[in-house]
Ligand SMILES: Cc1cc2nc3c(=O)[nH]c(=O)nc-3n(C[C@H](O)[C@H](O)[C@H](O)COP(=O)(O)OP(=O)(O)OC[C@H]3O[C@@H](n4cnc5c(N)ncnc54)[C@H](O)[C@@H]3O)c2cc1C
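First, one chain by itself in structure tokens, the form predicted on its own.
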Amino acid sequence: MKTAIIIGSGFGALSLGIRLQADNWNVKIFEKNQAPGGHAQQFKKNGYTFDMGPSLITAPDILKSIFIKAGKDLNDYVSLVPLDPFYRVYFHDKSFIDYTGDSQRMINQMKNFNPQDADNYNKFIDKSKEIYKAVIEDGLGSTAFNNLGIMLKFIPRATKLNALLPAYSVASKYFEDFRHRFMFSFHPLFIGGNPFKVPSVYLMISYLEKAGGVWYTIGGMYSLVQAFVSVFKELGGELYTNSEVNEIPVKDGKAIGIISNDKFYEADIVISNADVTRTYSILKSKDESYRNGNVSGKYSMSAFLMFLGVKKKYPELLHHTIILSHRYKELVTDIFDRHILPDDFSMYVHVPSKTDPSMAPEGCDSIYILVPVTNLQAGVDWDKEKTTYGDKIINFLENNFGLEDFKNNIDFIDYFTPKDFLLQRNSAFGTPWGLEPVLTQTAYFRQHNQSKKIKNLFFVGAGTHPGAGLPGVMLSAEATEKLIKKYH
């Protein structure tokens, strides 16, 4: 058996680890932190449980395919619960839309704001379905764009689908009301993309959610991490925690293994699920050009996370709730381009205890708040800023949004800032999404799934093709597996 070493233990690493073990490789996964999961760590305190990263499951068929590859049944490991609506989206004027996969319910809600927009709903979904078919059904998402020829073959089809135009621009062709334009263009933010710049290929998420649903797994997303780890180990895989990889020795143009905790581990191939910039920085070779890599470019936003144990239940908050500022494009520009911390903000609120009472003490809720913020290139001192910024968010939720006596019902609060992404997750500039997925940093122009110079060094996860998000990193595992098979 040949040995593969994977650096990091996020969903991309675990997906590929399972695939390679099933392909009769001897796979060793090395994780810096005490527990596996990468960005999908879990946080517990005072009877409250929080997911620290991904909080929802889409494209369950992609997920199931990994377990099928291992000869397993996903349902033997996790209990999936469908969510309806997928999200409640509150706008600055206190109007809201319950975003769902039910076409008629969506149309009925949209008619209240713009009847013509409602008439265009099915046309937009049809467009989203065409892009979905190219990416998912026809396998472009799971095909590595390691040579320009593959990209050139895709461009005519993408052009015909308008998939290379900015996402917001395409959504605006179908909808006039600001609510609808947001609702059908915001999904790129889930993968670290600016909706006004990223290609509209990401609009396929609208159909992906409609076709496959949005799901929650009992016990939170970390139960899915535990399921992946169980399957990986059942297949014979080895997992090392508290084992940061500090060096990838390169000899005669090949990665010969890794060094962790001052010990050398030999490997036939090395795969990085770690931040791409970090990966290139730990390559050790007499040829310094190996260390440069292809990591220059525009980095994505970061996130300010709050974990709140709350002693009161608020019916205004659903399992997934999005609360928006009065600004959309201007706020996104502040975050991505101006690199400033503005006075207003939009937020995503996750309250898993609405569906799963085990996530909080009886009568209480565990609330996870994610606020998109600029990355560390802004120079914000988060050690000083986090409490003030957190208080601003709490005051907004109580005094502007209307959560009665919210502050007094907070049992405890904790934070995770862009600086924590840098220190705890080795994320360059504190962004968990890596390079922003604009057109010039997508597909062939993103970090390739296989190194150009070191042919036995591979990449998996958000930093490589097809990009971030749970479906994206699982597809990246399939794409990288194909390259590894071809390499051998």
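Note that residue numbering begins at 1 and tracks the sequence as displayed. Please read all numbers here as calculations on a predicted model, not as lab measurements.
Form predicted in complex with the ligand: not shown, discussed below.
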*asked:* Can you tell me whether residue 20 touches the ligand? I mean in the predicted complex, with a 4.5 angstroms heavy atom cut-off.
replied: no
*State yes or no: in the predicted complex, is some non-hydrogen atom of residue 243 no more than 4.5 angstroms from a non-hydrogen atom of the ligand?*
yes
_So in the predicted complex, is the ligand close enough to residue 440 to count as touching (4.5 Å, heavy atoms)?_
no
*Just to confirm, residue 446 within 4.5 Å of the ligand in the predicted complex by heavy atoms?*
no
*Is every one of 63, 142 and 483 within 4.5 Å of the ligand in the predicted complex, counting heavy atoms?*
no
*Pick the stretch from 447-455, 63-71, 25-33, 42-50 whose residues have a heavy atom within 4.5 Å of the ligand in the predicted complex.*
25-33
_Contact set, 407-424 vs the ligand in the predicted complex - heavy atom within 4.5 angstroms_ = 421, 424
